[in-house]
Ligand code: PEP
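In structure tokens, the next block holds one chain alone, the form predicted alone.
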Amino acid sequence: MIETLRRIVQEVNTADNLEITLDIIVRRVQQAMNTEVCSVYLRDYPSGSLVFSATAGLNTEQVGVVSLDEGRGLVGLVASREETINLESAQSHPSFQLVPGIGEEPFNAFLGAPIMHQRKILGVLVVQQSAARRFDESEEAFLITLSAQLAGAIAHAQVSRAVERQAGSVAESFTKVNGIVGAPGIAIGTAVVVSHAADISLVASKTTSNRRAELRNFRDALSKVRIDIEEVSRSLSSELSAEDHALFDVYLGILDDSSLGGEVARLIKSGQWAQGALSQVMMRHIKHFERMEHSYLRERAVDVRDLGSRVLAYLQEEDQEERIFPEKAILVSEELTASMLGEIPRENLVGLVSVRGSGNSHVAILARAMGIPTVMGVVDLPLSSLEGWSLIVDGYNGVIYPNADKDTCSRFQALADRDLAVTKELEPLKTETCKTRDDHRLTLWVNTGLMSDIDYSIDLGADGVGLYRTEIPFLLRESFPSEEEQRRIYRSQLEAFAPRPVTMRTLDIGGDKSLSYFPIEEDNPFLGWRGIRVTLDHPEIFIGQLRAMLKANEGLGNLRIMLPMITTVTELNDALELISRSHKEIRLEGWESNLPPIGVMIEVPAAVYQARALARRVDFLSVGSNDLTQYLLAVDRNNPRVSQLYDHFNPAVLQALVSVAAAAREEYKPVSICGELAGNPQASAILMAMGYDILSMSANSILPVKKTIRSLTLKDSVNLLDEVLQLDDSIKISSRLNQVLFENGLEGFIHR
């Protein structure tokens, strides 16, 4: 059964659309289980009814015509209970209702399994037989397993069909695609699809006005690939048998005009650009090979993909025309990277959408710093179809609206206008002190990493830098920056903010931050080699960075050094020893730079329980709320499947924050918090009450947080914290904090 399951899932995953997907399911399940009937009913969300969507064995003319009201019949019972129902005689069950026209009268045995995706019922998968019998345990297990494995493919196909039907015009009943909040805000603009170099599966479909040039580029690329293959063939001629050597002739034959090359050329002549035509043809044949049962033939999909990628790489070399971006561009990609953000002029970029990743991936953090509304983890998005489409990005709720209707566009434009009005209303606060109504002062710092952050952050009134991400210069290069390069970069940051303090986190790679020239490949990267673990294992990298920081601080004295991912006192002691050694070295070399304050990031549970011991050895503590939440809740923050569990207001997270603040006070050390929670107006009151001296956040959060703090009193915040800590549910906690915002006239921040 396992092999049968694998083949069905593989075939479904290569299907081109929903109709083909459902047809494969009913035919293959009917064959595999040797039943007379297999049918799929899909839920229609506006009405709640279950639509007869595909069948093998019943009346196909009723597909898409017949539907069952919510809760009606055995199929409705499976959906409402969200559990499998196995009956020997369906017609004797009290919930049985005969559906006229579909031809199920002769059938007695009934087995129905719910199709569930992200806690929602997508539909019901049913098998039936005329003989009155109960399906055995292995058959039931097979259907349950298959429905669970196919749910994602069905959900993706449903969204793709709904979205693509809107391609020609604005639909009356619009489709929305759910993702994960990446960066708050509303963006309305035009989709610009970008892909990683030579990825044949991620090329956007678009037309060309110069078919002749596109055809010429394609044929030039084919010629270059032929030359490459012929050269490889010649170089291996003495090492391969004649039979093996003939494979290269097969490769070359695929590119001929009589084969795939001809199909691509015909698409180009019909008006498709060369890269899109190549992708369409190659992906169609790749899927064809992947569906084949014989393992040898399935492996040929790899060969076709390789050929396509080779041709695409040359096409991308030829396509050196400067891309013209729409006035309001929304960058869309399978997986956004920091370098992609630099491909489009900042004045044109209004939104970001990524199929992979989550709200706390590195690009999402950059997006928040840049103030760009972003939705991540939109796994059901039909990427290749979106080029040039109108898109709405709801960064508050993590939803995308492709080609939305007029009313939806008007509604979101009103929200965007309201955001703009709130932002303008906050501008006078730039020069005001962040203090409560009863004169308790709270310091607001900014998280930075890009040079473009500097002037903007200072203009918004940032009191300093609570987190300078030193890995960003590493990420934007093709090799490790030299010590002198780093010194210049760090000096620019320190000078720009002087005399305000600048907290520089030492290199924090690993997890979701990988250097192309220093790859870290692990099964579980967030529990692997990252942060201080990497730099202690590579002291040559760590010492070079420390020396650069200390040199950059000469004559300024506003540097603070922060160590990430500390889990043991031993790690801290080893790092402190290297900092001391680096300081002595540069002093001997003639640099006049004092040893700066050193701090530890509290971002793993082990550090929470050792916070006081760590605080004794350093000058300050800083909580990294994003990672701490991830590790406390055992939630991979880049995994869309569990994103709903990633919750800063989980009582366990709040208790940990209280514990760290108390440990710092006991050792008379200042404590700050950085990350998404620090910039959340909802959280600012209770963080202040916990005893956090400094909140460090994205620049765009400074004024909303300042406005919130200035609207409250410390006494009321302490009472609020006591109340919140008695609550055992994050939804109740969030609702209570929202209520406080509303009561203080801050309802404009509730969706932030």
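In this text the structure is predicted, and so the values were computed from the model without any measurement. Sequential numbering from 1, following the sequence displayed.
Although it is not shown, the form predicted in complex with ligand PEP is what the next lines describe.
Novice: Quick one: which of 70-78, 619-627, 388-396, 579-587 gets within 4.5 Å of ligand PEP in the predicted bound form, going by heavy atoms?
Specialist: That would be stretch 619-627.
Novice: Does ligand PEP get within 4.5 angstroms of any non-hydrogen atom of residue 560 in the predicted bound form?
Specialist: Residue 560: no, not in contact with ligand PEP in the predicted bound form.
Novice: Answer with yes or no whether residue 601 is in contact with ligand PEP in the predicted bound form, where contact means some heavy atom within 4.5 Å.
Specialist: Residue 601: yes, in contact with ligand PEP in the predicted bound form.
Novice: Is it the case that residue 566, even though its partner is missing from this view, gets within 4.5 Å of ligand PEP in the predicted bound form, heavy atoms only?
Specialist: Looking in the predicted bound form, residue contacts with ligand PEP do not include residue 566, since no heavy atom lies within 4.5 Å.
Novice: Taking heavy atoms only, is residue 508 within 4.5 angstroms of ligand PEP in the predicted bound form?
Specialist: Yes, residue 508 is a contact residue.
Novice: Ligand PEP isn't shown here, but in the predicted bound form which of 310, 469, 117, 285 has a heavy atom within 4.5 Å of it?
Specialist: None of the other options qualify; the answer is 469.
Novice: Let me know the one among 674, 143, 366, 268 whose heavy atoms come within 4.5 Å of ligand PEP in the predicted bound form, would you?
Specialist: Residue within 4.5 Å of the partner: 674.
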